[in-house]
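Next comes just one chain, in structure tokens: the form predicted alone.
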């Protein structure tokens, strides 16, 4: 068999040389292999072959290359094993570990003494408790203020870089006008939402008859959240103040309602860029958990909320993204909020 391979390979060489203008004799290229036998030693007479003078060792590498010109049988697993044998095992970078710190005092998220008998009925108009700061009273920081003053160095770096880039594009006055417009659009958006939720109607009903009365800046946002509003029911509070007397902080909840049957703290956000993942919302989950913890401890509310919802609306009418926070996630963000609250107190 080896002799056959050598001869076939050498025939291949002869033909390649002839086709390239070589000087081999014509009769060498017309040899037939149709009756070639591996048992050539049994032939009755041995005829002189033009290949007898070929140096077999010289073309051993060629034969090997011809015989091995097949698809490799190695798999990704065997290639990795070979690579590890030659260069050592692959050092994999471990995923970033979550913050393993724990609050010094793990304050409860829920008010344990609340029972089913003390739950408020879900009928009736939504509650709205206005913010009242007592004259001469002690200062109670807001959730927004605490989060702003406890940003990580990385968050501060990216915020400052974004601000410098925007100023470079718009100028100082242009950037100031841009931020003012964002604030105004946010207020108009929340006002339109409040009107719809207080009336108990849907955006579809409003868009057919009363949409023109809303500012043009919010029409895209309202269209963006229209599919979310269809799943909102049993609204219990709108733009209502919540306060945690034990931890001494307060906030204003956008909405408390049922989303697909689950009672949630709902936070409405606007954005120019898509935010399809919860991680894109930065500190918003911590904010929602802080609001829920304050509401659960506030005597003005006779019910408890364990879940959250962050809705990101888009000005161009693109369907909003709804990020649900389960009770397990809310507890994790509640611990993070307690750490931020401790950091804020240490700073002061």
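Positions refer to the first chain, counted from 1. This one's a predicted model, so the numbers in the text were calculated from it and none came from an experiment.
We do not show the form predicted in complex with the DNA, though everything after this point is about it.
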is_contact(residue 296, the DNA) in the predicted bound form, heavy atom dist at most 4.5 Å: no
In the predicted bound form, residue 252 touching the DNA (heavy atom, 4.5 Å): yes
Interface membership of residue 111, the DNA in the predicted bound form, 4.5 Å heavy atom rule: no
4.5 angstroms heavy atom contact with the DNA in the predicted bound form for residue 213: no
Segment assignment from 144-152, 256-264, 229-237, 101-109: heavy atom within 4.5 Å of the DNA in the predicted bound form: 144-152
In the predicted bound form, the one of 128, 187, 164, 176 near the DNA [non-hydrogen atom within 4.5 angstroms]: 187
Residues of stretch 260-291 in contact with the DNA in the predicted bound form (4.5 Å, non-hydrogen atom): 267, 268, 269, 270, 271, 272, 273, 275, 279, 280, 281, 282, 287, 291
